[in-house]
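Following this are structure 1 and structure 2, which are two forms of one protein chain, each written alone as structure tokens.
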Structure 1
Amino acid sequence: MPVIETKNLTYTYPGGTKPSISDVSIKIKKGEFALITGPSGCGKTTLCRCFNGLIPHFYQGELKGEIKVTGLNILENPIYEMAKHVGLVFQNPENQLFALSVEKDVAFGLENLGVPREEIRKRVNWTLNLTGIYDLRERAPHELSGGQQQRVAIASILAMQPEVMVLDEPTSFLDPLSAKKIFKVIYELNKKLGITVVLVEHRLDLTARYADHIIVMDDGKVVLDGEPREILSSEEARLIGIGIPKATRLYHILKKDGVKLSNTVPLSSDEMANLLKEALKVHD
């Protein structure tokens, strides 16, 4: 059974002249790592806001079609109910952080879920270490740098260990090595705890390798939906202008030149290097 399922979902913001998403029908399975990408302004963030009920309960506007997340109908369940199942990391961390210390911000969600005090302490420490901000725990979130704030925002959602984690460009302010580490943490939680991950990203070079499923949106609609290797090889994906990883690009260019390479499309530099080693018969 899918953990997220939408049927002909169409939504217009209050005062909007046209729908921001239209006719979106998708299924995301339990335990999947799903990646949503597409041109800026195509409706990715709007779709994320539907997953925990911010749309329509907070943003109002007009929502048509059906949407069920963790078996619950969004229209019939208030945000506080959905928050028990779905965690959302906002695109702009400043919109999410409010407490006077990092530790309190990370603990806030757990306190609201009524988690016992000792367990809160344990989970807060665990997640602060995981995201590399244990040393910042006493600092005020609004005094931190953009990258540090993003870590706090991610930590506060991780701490709740929700069934579904929705992350909207969660590492845009982080340096590449830190971003890579955070994605690895998210991937490991996805595999170990079976948390379903929905990630909105433009930087597919960092993230495509983790995805089981890619959804490409354009102008409010879902235009491609399927297996990453297939989607990233399609001419449509390139034409819409999504950032195909360079390793995947190089593979396709060499294939076009008639080079014999295995048929498994690489999504990362490691995979591409291995294919080349095979073709060149080197053993590094």
Structure 2
Amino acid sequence: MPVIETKNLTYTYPGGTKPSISDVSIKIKKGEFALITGPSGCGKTTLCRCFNGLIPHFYQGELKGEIKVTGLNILENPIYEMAKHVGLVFQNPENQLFALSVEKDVAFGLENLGVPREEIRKRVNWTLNLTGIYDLRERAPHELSGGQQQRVAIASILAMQPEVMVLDEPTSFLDPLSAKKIFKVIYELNKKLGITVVLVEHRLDLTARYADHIIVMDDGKVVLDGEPREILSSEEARLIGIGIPKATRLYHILKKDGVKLSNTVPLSSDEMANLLKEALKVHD
């Protein structure tokens, strides 16, 4: 059974003249690393807000169609119920952090869920270690760098041990190196803990290699949905104007020019470098 399933999901914000998302039907499997991408304003963030019930319970507006997340019908379950199953990491970590110390911020959600004290302490330490910020636990979040703040935001969601983690462009305020580190942490959480990850991101150079599944949106609709190597090699993806990884583009240019490369399309510069090494060996 899919962990997220929508059927003909259509949503219009209060006072909106046209839907922000229209007829969206997708399935995301348990344990998948799913990447949602597409041009700015195509409805990615709106879709994420549906996954944890912010739409329709907080934003109101008009929601049509069906949506189930971890087997729960979003329309019938309040936000606090969904928060036990789905964690949402926002674009700007400052919107999520407000306590006087990192430790208190990470513990906040658990306190709200009524988790026993001893269990809170255990989970907070576990998550701080996992995200590499244990030594910052007594620091105030506003004193930290953007990358550190984003790790605290991820840790505070992780501590609640959700089945699904939704991250909405979590590195848009970070430089590529800090972003790369954050994506690595997210990937490891997906692989080690089996958490289903839904990542909204346009920096595909840094993220495509981690995805099992990619969903491309345009103008509120899902236009491509499937296996990353296949989709990122398609003409449609190029025409929509998403940031196809440079390694993927280079691969297709070289193939066109008759360079003999294996049939595995690279999604990152490391993969491309390995392909070229192989090609040179054959040549020698």
Partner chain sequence: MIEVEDVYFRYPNGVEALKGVSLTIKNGEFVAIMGQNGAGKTTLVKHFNGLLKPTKGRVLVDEAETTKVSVATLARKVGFVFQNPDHQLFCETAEEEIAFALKNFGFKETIIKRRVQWALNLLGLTQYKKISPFMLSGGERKRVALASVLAWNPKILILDEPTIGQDYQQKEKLRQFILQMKTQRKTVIIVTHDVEFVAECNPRVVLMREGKIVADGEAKEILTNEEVLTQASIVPPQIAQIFMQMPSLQLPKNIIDVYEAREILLKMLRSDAK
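We call the rigid core the largest set of C-alpha positions that still match within 1.5 Å between the two forms. What you see is a predicted model; the values in this text were computed from it and never measured. Numbers given to residues start at 1 and step along the sequence of structure 1.
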{"query": "Structure number, where the criterion is the form predicted alone", "finding": "2"}
{"query": "Rigid part of Ser268 equals that of Ile240 between structure 1 and structure 2", "finding": "yes"}
{"query": "Degrees turned by the smaller rigid body between structure 1 and structure 2, as judged from C-alpha superposition", "finding": "14"}
{"query": "Backbone CA shift between structure 1 and structure 2, Gly132, after core fitting (angstrom)", "finding": "4.7"}
